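In structure tokens, the next block holds one chain alone, the form predicted on its own.
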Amino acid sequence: MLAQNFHSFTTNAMGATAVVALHAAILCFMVAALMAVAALFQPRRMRMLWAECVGGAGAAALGTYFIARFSEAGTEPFSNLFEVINLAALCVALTCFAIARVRKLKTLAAFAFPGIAVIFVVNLLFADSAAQGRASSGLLVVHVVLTLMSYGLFFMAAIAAVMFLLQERALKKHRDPAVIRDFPPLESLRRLVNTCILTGLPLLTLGLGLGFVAMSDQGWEAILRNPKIPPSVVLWGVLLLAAAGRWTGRLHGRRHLYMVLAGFALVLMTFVGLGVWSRSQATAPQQQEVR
């Protein structure tokens, strides 16, 4: 049902180039997710490089999608929640590639690509139910870009936290599974989590500030009904608590990482809840017309 609504929505709302590019991007990331997980558990049969190549093709297709959308619809993708989430997936993919190269994290794709696939699945809830419109000012465009960059960094922090906890558990039990052999040292993962949080918090703070400054009177009146605000506020609160916990020393070691993962789950649940609510709001008028 969701896939059918997604297909009909994309076909009616955008041009053929954008439709083909978006479908290709989703397919590539789904395949890349399966390949990356297979490479993690069966490195002799599947190479992570192959998964990265397919994921790179997905990122290129998603980039082509947004080039087509910006050409045909101007700034509309910055105000449509469905497309903002797709843009977030692109930011996560680019952040993954950048961190994997800079920090030399060969196994990062095994966690990032499945996460991106989950983002696309969750985004199906917003197909045909996200508000259409145009970003009315450059400030709003910068607001969206900064916010999505912070989402990408927090996503990477959550992945690094998972990798840290898996490796630490294996070391405590004196196990050496093939899954974690290519993981970076624990201290490198810990620094990566802290760097992502301490970088993402100022970016999100600035992004939210610009968004509130550029918000129109109508936007302030409908602020509680804006589906893009609750997840950003929730994420800002999570990042603030995680950073404050590290600064004060109240959150350290595994507790800090558990806080990051709990916050990630909370943000994801917020998105799912908004998707269900948006879809119920969109289908309510149709049900009333049928009656």
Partner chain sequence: MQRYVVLGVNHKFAPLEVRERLAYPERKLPGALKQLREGLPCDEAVLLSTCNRVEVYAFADAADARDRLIAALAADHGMKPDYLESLCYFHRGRDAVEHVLRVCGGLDSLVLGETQILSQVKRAYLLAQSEGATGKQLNGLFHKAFHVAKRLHSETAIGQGQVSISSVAVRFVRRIFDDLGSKTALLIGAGEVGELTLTYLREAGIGRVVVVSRSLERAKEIAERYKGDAVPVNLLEDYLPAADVVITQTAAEDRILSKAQFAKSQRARGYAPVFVLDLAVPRDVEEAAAELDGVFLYNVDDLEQVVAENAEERSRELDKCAAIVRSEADEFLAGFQTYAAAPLITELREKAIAVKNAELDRVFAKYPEMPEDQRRELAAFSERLVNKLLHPQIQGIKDQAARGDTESIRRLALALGIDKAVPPAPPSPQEEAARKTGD
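Residue numbers count along the first chain shown, from 1. This structure is a prediction, so every number in the text was calculated from the model and none was measured.
There is another form of this protein, the form predicted together with its partner chain, and it is not shown here; the text below is about that form.
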**OP:** Answer with one of 167, 95, 107, 199: the residue that has a non-hydrogen atom within 4.5 Å of its partner chain in the model of the complex.
**Re:** 167
**OP:** Counting non-hydrogen atoms within 4.5 angstroms of its partner chain in the model of the complex, say which of 171, 213, 118, 206 makes the cut.
**Re:** 171
Original post:
Is the gap between residue 180 and its partner chain in the model of the complex 4.5 Å or less for some heavy atom pair?
Top reply: yes
**OP:** May I ask you to check whether residue 176 falls inside a 4.5 Å heavy atom distance of its partner chain in the model of the complex?
**Re:** yes
Original post:
Within a 4.5 Å heavy atom cut-off, is residue 101 in contact with its partner chain in the model of the complex?
Top reply: no
**OP:** Give a yes/no on whether residue 74 approaches its partner chain to within 4.5 Å in the model of the complex, heavy atoms considered.
**Re:** no
**OP:** Could you tell me which of 84 to 92, 110 to 118, 186 to 194, 142 to 150 sits within 4.5 Å of its partner chain in the model of the complex, going by non-hydrogen atoms?
**Re:** 186 to 194
